[in-house]
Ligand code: NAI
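Quick heads-up: it's one chain on its own, the form predicted alone, in structure tokens.
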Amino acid sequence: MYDLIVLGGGPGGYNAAERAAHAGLKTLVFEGRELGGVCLNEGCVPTKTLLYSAKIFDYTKHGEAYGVKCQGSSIDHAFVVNRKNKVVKQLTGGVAMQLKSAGAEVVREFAVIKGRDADGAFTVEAAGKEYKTARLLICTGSDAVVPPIDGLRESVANGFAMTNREILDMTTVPQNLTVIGGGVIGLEMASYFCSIGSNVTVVEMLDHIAGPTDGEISKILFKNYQKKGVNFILGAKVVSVKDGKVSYEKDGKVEAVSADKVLVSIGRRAHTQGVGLESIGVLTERGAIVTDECCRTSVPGVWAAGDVNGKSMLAHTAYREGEVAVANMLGKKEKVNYLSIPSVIYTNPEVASVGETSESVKAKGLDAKTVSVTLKYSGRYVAENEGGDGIVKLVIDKEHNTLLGVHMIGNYASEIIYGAAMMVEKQMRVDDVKKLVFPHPTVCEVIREAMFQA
């Protein structure tokens, strides 16, 4: 009999299991693949490993503006992929050690919920063996969406088309790569393969890239990608993927782009099939588990964290959700504040955002103002970015003068945004932020400058 069984060893699951075990709960984690989930094995960490190699390669190609000349540089993509595998192996091994050190048990099998006893205990089955627990935490993650486009599933089966899982293991560089979807995954992979020599075309159904990213920043990122050499086809619906082509409909006409490989990156879907949710009556909507701000499901004693609830498919969101779930199991009243969760696109330049955007405040009818400030107010940014066009944008509540959102495009944005997230989380007023002392010269001090301009 366990105090807690966790289904899934991704960010939400392994972090929550470690917290629960440290708190004294007898904890068991089931994971049928590798510990670390999508993020560590085929998402966040592998892509950043590749992107860092591409950034170094870009420096060798474009160093003249800084007085650095490097002739004959090249990139060994197969070596980069092998290094990625080494990084992943090191980190997944670290996760296993953390769980062992905390006292949490791990079973490397897929598990299915079989039901609930009259005394309230849940039964979970894995590899023909049954386990009992007082509580369940469901962290089964998500899967890449492969829509019913003509020829797409056959193309995935024969290797012409790939999801994020397959492309990260590809050791050759396609001459022509077509990316279906201009969201985070699509843009990061477009950035990498464009840098290392592929002719990259991104086909996106919307009239802009980067999904819900602030519109002004999305346009700046778009210009940077175009300058880099990525070709975009916006406002286009893909109708078929086969015979070495991706066909799309745009403005009433069907056209096609040739491709050696195709990346399908149009989103992810919560993994709830085959988990056994129906055996205990867990409520789902649109395939995702319904949870409240405490990560509770419709069934007492059952929580869910991470992509499986469909709220915010980010690893750091999963970390926080798992922690909140465990805290509530232990009688502490904690909640997840989804409005203060930051997001990052690790392109070059980086994009980082937290809170409300210009578009979201209009949609919600909030009385807010925005202010955009060029990063050229930062001496460090000017020193490190010849011709850079980065900005920081604030969204401010007019009535209370509190910070509702911060959005950046430029180097170091990913490392700066956590500070902005704290400001949004604490609902700091502009006048309060103006009193903070930022180190000089740094890029982050532009946030303070923006406060004065606001």
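What you see is a predicted model, and the numbers here were worked out from it, not measured in a lab. Residue numbers run from 1 along the displayed sequence.
The form predicted in complex with the named molecule is left out here; the points below concern that form.
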| property | result |
| --- | --- |
| Segment that reaches the named molecule in the predicted bound form - one of 321-329, 232-240, 106-114, 364-372, heavy atoms within 4.5 Å | 232-240 |
| Touches the named molecule in the predicted bound form: Gly181 (any heavy atom, 4.5 Å) | yes |
| Contact test in the predicted bound form: Tyr346 vs the named molecule, heavy atoms, 4.5 Å | yes |
| Contact label in the predicted bound form: Val203 to the named molecule, heavy atom within 4.5 Å | yes |
| Partner contact for Ser265 in the predicted bound form: the named molecule, 4.5 angstroms, heavy atom | yes |
| Contacting member of Gln175, Asn337, Ser312, Ser298, with respect to the named molecule in the predicted bound form [4.5 Å, heavy atom] | Ser312 |
| Among the candidates Lys48, Arg429, Lys26, Arg33, the residue which, in the predicted bound form, approaches the named molecule to within 4.5 Å (heavy atoms) | Lys48 |
| Neighbours of the named molecule in the predicted bound form among 121-155 [non-hydrogen atom within 4.5 angstroms] | Ile149 |
